[in-house]
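One chain comes next, on its own, written out as structure tokens in the form predicted on its own.
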């Protein structure tokens, strides 16, 4: 019997989500953070941005989350690649993270990855 456990969302900067990225694959479980640029209530579709990078977020499964343009949000969900190579994250979890310093967050993510890589290299050798 196949396991149906939900994978944890890999921490990803929006700038890392492009077709040649290791994270850019159908069904990938991701955790993304960005500033809300737009929200369409009728379509339950949000657009978040970090610098020049943007990502559409399908929020139809989220409850009790109010959206304010200009606020910072974090979403965990599965990435779906459309026929035109546009990526949409099907969010299963979302939260407002106003007050989060995005520059410090990116630096922390970089340090975490370096730590994990160093740890992997030490256990392999």
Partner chain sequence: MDHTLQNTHVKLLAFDLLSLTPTPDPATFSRSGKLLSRAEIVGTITSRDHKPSKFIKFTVDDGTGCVPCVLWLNHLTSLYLPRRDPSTVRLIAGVATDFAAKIKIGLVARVRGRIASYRGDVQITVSDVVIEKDPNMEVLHWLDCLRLARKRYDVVVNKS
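Positions refer to the first chain, counted from 1. Fair warning: this is a prediction, and the values are worked out from it, not measured in the lab.
The following text describes the form predicted together with the partner chain, which does not appear among the structures shown.
This chain is displayed without the partner chain, yet in the predicted complex the stretch 95-103 from 52-60, 95-103, 81-89, 34-42 comes within 4.5 Å of it by heavy atoms.
Shown alone here, residue 21 lies farther than 4.5 Å from the partner chain in the predicted complex, counting heavy atoms only.
With a 4.5 Å cutoff on heavy atoms, residue 76 counts as touching the partner chain in the predicted complex. Put simply, residue 14 is far from the partner chain in the predicted complex: not one heavy atom of it is within 4.5 Å.
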